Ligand code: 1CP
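In structure tokens, one chain follows: the form predicted alone.
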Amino acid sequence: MRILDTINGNIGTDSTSVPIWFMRQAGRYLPEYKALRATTSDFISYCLDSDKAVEATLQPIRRYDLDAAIVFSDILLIPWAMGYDLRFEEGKGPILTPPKNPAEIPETAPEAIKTRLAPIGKTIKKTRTQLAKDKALIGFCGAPWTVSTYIIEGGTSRDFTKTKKCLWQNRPNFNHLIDALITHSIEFLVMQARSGADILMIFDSWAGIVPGAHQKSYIFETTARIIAGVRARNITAPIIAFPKGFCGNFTDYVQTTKCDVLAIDHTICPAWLNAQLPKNIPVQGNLDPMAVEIGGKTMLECAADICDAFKTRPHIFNLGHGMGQHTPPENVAELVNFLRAPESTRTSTRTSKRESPKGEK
């Protein structure tokens, strides 16, 4: 598998050496996905229908021949499995009934989590039988901080006031929730790996809003505890960590968490990061999803710059966040074809970008 070779530090010299997959590669921008999604009104039921989840997982692989599939699931299935009231509403996203006190969390045994989320394991097993042997399959969970914000806020938020108040005023209660999420995340990731996931990923989508004084505790150490817990269960699958919005000491983050791959968002300058990180740390990222939505020369120039910045280290090409729902599928196809073209093509793209317009001297 090209991705596993890259994670292991093998940087190829051929034109197709950069492995490619995209966050949220299965989604509403694909007409075949929208047709499939229309067959089930409830999103949770859709995620837990293994036949439909397998189909959603494989759709972008069939269309683009990407190097990895990511199991169709959602980071909020753990709160659902814990017993929180969760629903998804069109135009609003996830809606949860927040607890009056974060300490009053459903006392759910890890075995119960594994039982309620067993359909995800079934999806992984069925997907693995249909996925080509040279394609990796990725399982995932949400990081405790990110998942806790949805529980405390009752859904998405602009300012995360309730979460921050709980953090500052009710630290023991907040930690009780975080500890439970760590325990269940370990169980969920282990189940996915044992079901056939080749790679695991931890999405910390709201890492960027953690107050600076608490970043070590709730970005670094929580992810470190999950990874240590997974390794203690004899799971050796590589783990990708994605602290979206974090812009601090990435070397310290990697060394503390012991993740195998650092995924970065599109706000991070690739050249700057490449100069900061030890050369042996694989990086995943980080094209702005809006560049793909726009497409054309802008998209290709940005992609070329990213490849150039990371050409001397193990690099998995991806976006800096999930694929937008208004992205034209033909733009994605153009991007994949460009990335798999000879290196000279990408070089010429960068050169033409830097040439002076006609009339300038």
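One-based numbering along the sequence shown. Since the structure is predicted, the reported quantities are computational estimates derived from the model, not experimental observations.
What comes next is about the form predicted in complex with coproporphyrinogen I (1CP), which does not appear here.
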query: Contact residue in the predicted complex, from 206, 253, 218, 174 (heavy atom within 4.5 Å of coproporphyrinogen I (1CP)); finding: 206
query: Contact assignment for coproporphyrinogen I (1CP) in the predicted complex, among 117, 190, 181, 76, heavy atom within 4.5 Å; finding: 76
query: Options 37-45, 288-296, 331-339, 304-312; stretch whose heavy atom lies within 4.5 Å of coproporphyrinogen I (1CP) in the predicted complex; finding: 37-45
query: Contact label in the predicted complex: residue 145 to coproporphyrinogen I (1CP), heavy atom within 4.5 Å; finding: no
query: In the predicted complex, residue 33 touching coproporphyrinogen I (1CP) (heavy atom, 4.5 Å); finding: yes
query: Contact test in the predicted complex: residue 26 vs coproporphyrinogen I (1CP), heavy atoms, 4.5 Å; finding: yes
query: Distance check, residue 156 to coproporphyrinogen I (1CP) in the predicted complex, heavy atom within 4.5 Å; finding: yes
query: Neighbours of coproporphyrinogen I (1CP) in the predicted complex among 137-171 [non-hydrogen atom within 4.5 angstroms]; finding: 140, 150, 156
